[in-house]
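One chain is shown next in structure tokens, namely the form predicted on its own.
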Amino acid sequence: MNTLMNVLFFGAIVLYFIGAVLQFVGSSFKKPGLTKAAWIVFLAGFAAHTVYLIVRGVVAHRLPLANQFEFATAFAWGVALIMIILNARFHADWIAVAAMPAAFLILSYAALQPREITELMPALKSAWFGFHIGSAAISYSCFILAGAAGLRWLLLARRESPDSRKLHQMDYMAYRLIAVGFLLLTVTILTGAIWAEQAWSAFWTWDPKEVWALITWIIYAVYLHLRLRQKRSGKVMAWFAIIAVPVVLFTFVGVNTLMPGLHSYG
């Protein structure tokens, strides 16, 4: 079983890498055949990635979300899933230029973490386990892709008129991704508070992970306030979506690396 899981996991990484390279070359040199091949290869990688998560969950007898390796693997899967949905629903194939490398890099980061399947810590044995960690992984994925949409907006703005339909669509897509991500991050924080009270007898412990999740939440709350209350859009909001991404990544990687705490296992 370990051999099968290794083939699926590293196969997904290789296929994601090939897909990202083909997408970049195809987009750069206007080669539709290469971009089509990129999608086929990437979808094969996503299938291997999905089967890997299912097999690991079956072997572990739990959701594969218990540590940094499993969270990163789920995070990469979320990025790939949302990218596929956006392309299928809105024909937003442009997002693949950023999302394919993002999925590859996040999964490569996961490969650097210990991959052993371990028993859940007592604090993790809760009905909130899947809700809390799963919503966090998908919310981070939404924020990453919103940053990609913001970057795309800035690139398009160089050659499109300010009232361009493409720019409007890009701006609105970033907003919708952030709105969904914000909702899921809110679920993450609320379920985490309930879970913390059950596990540690306190709704809030000022653990570094909790603090940076709150900082991330506040940043995106500001984005939504500017968008909805002050009717901001365009360049300012595109930059906001991009600049917020490093905060998400620090909450994901930096806190665990530099600020050990109660969440150091995840």
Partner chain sequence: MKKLWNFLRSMRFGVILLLLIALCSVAGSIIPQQREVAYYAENYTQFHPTILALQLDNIFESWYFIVLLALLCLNLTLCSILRGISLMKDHRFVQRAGLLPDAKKLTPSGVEKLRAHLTEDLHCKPVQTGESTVYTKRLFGRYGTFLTHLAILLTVIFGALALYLPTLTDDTCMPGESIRMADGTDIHVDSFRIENDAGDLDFSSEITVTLPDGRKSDLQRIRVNYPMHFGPYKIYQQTYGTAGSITATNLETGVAEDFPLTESVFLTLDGVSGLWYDTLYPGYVQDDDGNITLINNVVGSYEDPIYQVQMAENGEYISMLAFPGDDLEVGGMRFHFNDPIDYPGLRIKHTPTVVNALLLAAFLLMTLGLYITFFLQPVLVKVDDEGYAVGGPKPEGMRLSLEALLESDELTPKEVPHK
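It should be emphasised that the depicted structure is a prediction, and the values quoted were computed from it without experimental measurement. Positions refer to the first chain, counted from 1.
Another form, the form predicted in complex with the partner chain, is not on view; read the next lines as being about it.
Please pick, from Ala98, Ala179, Ile84, Leu154, the one residue with any non-hydrogen atom lying within 4.5 angstroms of the partner chain in the predicted bound form. Filtering the options by heavy-atom distance leaves Ala179.
The partner chain contact in the predicted bound form: Lys31, any heavy atom under 4.5 Å: Judged by the heavy-atom cut-off of 4.5 Å, Lys31 is well away from the partner chain in the predicted bound form.
Taking heavy atoms only, is Tyr175 within 4.5 angstroms of the partner chain in the predicted bound form? Yes, Tyr175 is a contact residue.
Even though the partner chain is not shown here, does Met259 get within 4.5 Å of it in the predicted bound form, heavy atoms only? Residue-level check for Met259: yes, a contact with the partner chain.
If we define contact as a non-hydrogen atom of the residue within 4.5 angstroms of the partner, is Ala66 a contact of the partner chain in the predicted bound form? No, Ala66 stays farther than 4.5 Å from the partner chain in the predicted bound form.
Only one of 68 to 76, 106 to 114, 134 to 142, 180 to 188 gets a heavy atom within 4.5 Å of the partner chain in the predicted bound form; which is it? Every other range fails; the passing one is 180 to 188.
Quick one: which residues from 223 to 243 get a non-hydrogen atom within 4.5 Å of the partner chain in the predicted bound form? Stretch hits, in order: Leu224, His225, Arg227, Leu228, Arg232.
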